[in-house]
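Take a look at the structure tokens below, where one protein chain is shown in two forms, each on its own, as structure 1 and structure 2.
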Structure 1
Amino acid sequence: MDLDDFELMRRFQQGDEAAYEALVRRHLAFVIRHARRFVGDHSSAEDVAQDVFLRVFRSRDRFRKAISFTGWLATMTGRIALNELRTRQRKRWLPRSALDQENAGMEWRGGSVGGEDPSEGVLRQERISKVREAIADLPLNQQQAILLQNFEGWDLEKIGRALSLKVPAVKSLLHRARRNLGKRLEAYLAED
């Protein structure tokens, strides 16, 4: 179905479940990818994605054209993923895929890249791990802004539509997020 998200949602609101499936297929990879950044592993990210699209199904009548559909997905994904993390924290639970101590909770490329020194590969992995931890420590809105800008390549307007903010507010949010990241990653920022 070569229709935009608004048209698909409009059709879905009128009972066309094929339109809903088309939306799921179109945005599934994004939702899982975004969820994985919060929860750390693919399996949990798929569970989050299930909840996100179930919520889309249940809330279809509340969707209005004024909302950005991908923004709506991004916001729901962040909130549901964060709730999942809090549930795990309360239950002290780790998914099976995260029991590997070296890559606990990470779905990142490890090891050396393209002929680099193995020790550099270890340092790179450590940097990536620290960056990921620092992002995870940000308040949710700052996490969302940083991830959507730097990991999804969204521009300020698109981030603003997702977070219901005007562009100046997005800039301010990103500034605070980067400042907070800078504090956590000071040791790595001083490196040349």
Structure 2
Amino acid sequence: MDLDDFELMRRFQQGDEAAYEALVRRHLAFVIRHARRFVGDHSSAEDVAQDVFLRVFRSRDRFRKAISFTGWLATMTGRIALNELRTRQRKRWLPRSALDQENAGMEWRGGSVGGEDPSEGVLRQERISKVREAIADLPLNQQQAILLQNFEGWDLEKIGRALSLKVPAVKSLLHRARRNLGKRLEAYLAED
């Protein structure tokens, strides 16, 4: 029998560590993907995921059923990843894996597509970089909504449950996020 996240979390709160392990197995890939979109490289995303699940372990008593478990994870992941980025900026640190891979955090790494002019590949890489920068400049809730819809493929209801919002509020949040992305990318698009 496959238990839902709330039941697993309830069991974990009562001391069942096997329930915690089931939650980690179920959500680890999502947390790593979500963190990778913030931090840009796989090894740092794994570190963020480890921190996320450590916090889940430590703060299990604070979880309430009214909260979406996936939303709780997504929010926690975003906050921990942003803290990682602030630490990098403050220490002027770049992860080793980012030194060899310009776009390590992207699902698709770009490059030439069969017979494509190499300059098109360079332009594509530049566009990807600009969009990533623009998304990173959005407020956290807008980043979450854009990433969950466009990279995870979640529908509005699932995003709403994850972010504890009603569908109209999710639509409004996505509208503001797209409008803000458009403003941030306006100058770049005008050059194109």
Partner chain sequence: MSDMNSKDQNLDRLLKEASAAEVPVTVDATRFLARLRSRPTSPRWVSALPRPLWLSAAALVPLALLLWAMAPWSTSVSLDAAILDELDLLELLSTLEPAEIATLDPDLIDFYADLEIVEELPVDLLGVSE
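Here, a residue number simply tells you its place in the sequence of structure 1, counted from 1. All of these numbers come straight from a predicted model, not from anything done at the bench. By rigid core we mean the largest C-alpha set that fits within 1.5 Å across both forms.
Participant: I want to make sure I have the labels right. Is the form predicted on its own structure 1, or is it structure 2?
Facilitator: Structure 2 is the matching one, since it is the form predicted on its own.
Participant: Tell me, please, whether between structures 1 and 2 the C-alpha of R10 is shifted by 2 Å or more, with the rigid core used for superposition.
Facilitator: No, because once the rigid core is superposed, the C-alpha of R10 moves less than 2 Å between structures 1 and 2.
Participant: Once the core is aligned, please say if the CA of R127 is shifted by at least 2 angstroms between structures 1 and 2.
Facilitator: For R127, whose C-alpha is compared between structures 1 and 2 after core superposition, the shift is 2 Å or more.
Participant: Fitting the rigid core first, would the Cα of R184 be found 2 Å or more away between structures 1 and 2?
Facilitator: After core superposition, the C-alpha of R184 moves 2 Å or more between structures 1 and 2.
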